[in-house]
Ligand SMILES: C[S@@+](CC[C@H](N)C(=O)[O-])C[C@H]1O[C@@H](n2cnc3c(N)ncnc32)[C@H](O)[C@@H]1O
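One chain is shown next in structure tokens, namely the form predicted on its own.
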């Protein structure tokens, strides 16, 4: 596998910082350091999302397995945004005697390589074929004649606003055959006192994770961002059920990026949008699955009902 993302990274950084308001895509958080920081985030006491979904995978594995593979003799198991695969390992262990290929997809080449090693070391009987790509481009690779089981966990769908998420699920369902299954992990709407600390932990790990994006631009594109002159500033709109992440300039300043041969001006308190984290109820879930030919078959909740793994089947 060859990492060919640098050109795309440069292109999207230039486009994003040229817009008003400025933006940087959250997918670029995930270099080697970013991967390591996100693992730390998942272990933070404030970050309930991973713990809640892992509880579902650890304690309700039989129900998950029944909902996802009932009637399949052999199949391909795709995972979009696989990360370190810690939750998926519970499912893989339960499925290891079956005839399937595990095909994790992630934008981070490092994440794919580490996950392939992890599965090989712990469950060597499982065939793994990692794919380094981003979600929309990866959809064209969800091919093959065997039935498909697709995992899209961690409320990653929430990193898209509803119209974009619906567009994504329309494209995803178009790659599926009748009877294929989708597990869609969604974070549920809750009070700000629970949600906001998950994106602004006391130890500052989330801040480090977000600001590492500036370090990545410096390392890979020859930028001269001064980390001390920017801050991580999350916000939560409880009425909309949406958390937003921003990197805020603490002073009026110019930043040069050699690879782009460009200088970008930042006003004091100017925000660079990096990520949205949508929270769901039944109405929001319906909105993103409209016209997709995906039929809801099961909803599995953690013990606190903070998180839901929704199982869909293609009509």
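Numbering follows the first chain given and starts at 1. Just so you know, these numbers come straight off a predicted model, no measurement behind them.
Unshown form predicted in complex with the named molecule; subsequent notes refer to it.
Trainee: In the model of the complex, does every one of 187, 232 and 273 come within 4.5 Å of the named molecule, counting any heavy atom?
Mentor: The answer is no: none of the three residues contacts the partner (heavy atom, 4.5 Å cut-off).
Trainee: Flag residue 210 as yes or no: does it have a non-hydrogen atom within 4.5 angstroms of any non-hydrogen atom of the named molecule in the model of the complex?
Mentor: The answer is no: residue 210 has no heavy atom within 4.5 Å of the named molecule.
Trainee: Would residue 83 show up as a contact with the named molecule in the model of the complex if we use heavy atoms at 4.5 Å?
Mentor: Result yes; residue 83 sits at the interface with the named molecule in the model of the complex.
Trainee: Answer for residue 108 alone: is it within 4.5 Å of the named molecule in the model of the complex, judged on heavy atom distances?
Mentor: Contact check for residue 108: yes, within 4.5 Å of the named molecule in the model of the complex.
Trainee: Using a 4.5 Å heavy atom cut-off, state whether residue 133 contacts the named molecule in the model of the complex.
Mentor: Contact with the named molecule, yes.
Trainee: Which one of 200, 114, 245, 156 is close to the named molecule in the model of the complex, taking close to mean a heavy atom within 4.5 Å?
Mentor: The residue in contact is 156.
Trainee: Just one of 260, 56, 68, 42 has a heavy atom within 4.5 Å of the named molecule in the model of the complex. Which one?
Mentor: Spelling it out, the residue with a heavy atom inside the cut-off is 42.
Trainee: Among 247-255, 283-291, 59-67, 24-32, which stretch has residues with heavy atoms no more than 4.5 Å from the named molecule in the model of the complex?
Mentor: Going through the listed ranges, the match is 24-32.
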